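Only one chain comes next, encoded as structure tokens, the form predicted on its own.
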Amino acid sequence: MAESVVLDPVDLHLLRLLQNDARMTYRDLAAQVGVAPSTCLDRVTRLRRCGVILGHRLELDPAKLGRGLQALLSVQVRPHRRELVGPFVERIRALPESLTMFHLTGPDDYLVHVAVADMADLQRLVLDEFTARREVARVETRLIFQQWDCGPLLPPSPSAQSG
């Protein structure tokens, strides 16, 4: 497990603001947090260097890219052995329809978030890319009606850690 980093209120405020708008300038960040722009730059650089900030993402609208239907695919792989799992994960991650992939505990081994054009495209994806693979024992599909982003992600409060 990775070591957690000690963050003070200024760090937390910076992270909250950057999670809501990663394109904010250091001058705007500094003004909202109440520190000098050079201090802001130093803080953000430190947060990157110690691995708290992993990067910046560009978020796209799948529907505007012709992928208006999203689903979660629960996948069971049998036998669950490294020599089968590695190539399976590589293949699914390389699919243009795959948005996110999770390795799980429990009866299902993987949860894959996909975006496709329509139901026929989803059926093609499941049959041609998942169930056609010899190591895939079962696929269960759930359509996504609506999705909300949550956050921002911050460390647990001291009271939550002790309770």
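As the structure is a prediction and not an experimental result, all values here were calculated from the model. Note that residue numbering follows the sequence shown and begins at 1.
Omitted here: the form predicted in complex with the DNA. The next part is about that form.
- For the residues A117, V35, V136, I53, the 4.5 Å heavy atom test against the DNA in the predicted bound form is passed only by V35.
- Residue in contact with the DNA in the predicted bound form (any heavy atom within 4.5 Å), chosen from L47, L111, L69, L41: L41.
- The shortest heavy atom separation between R27 and the DNA in the predicted bound form is within 4.5 Å.
- With the partner omitted here, the stretch from 27 to 35, 119 to 127, 58 to 66, 92 to 100 that lies within 4.5 Å of the DNA by heavy atoms in the predicted bound form is 27 to 35.
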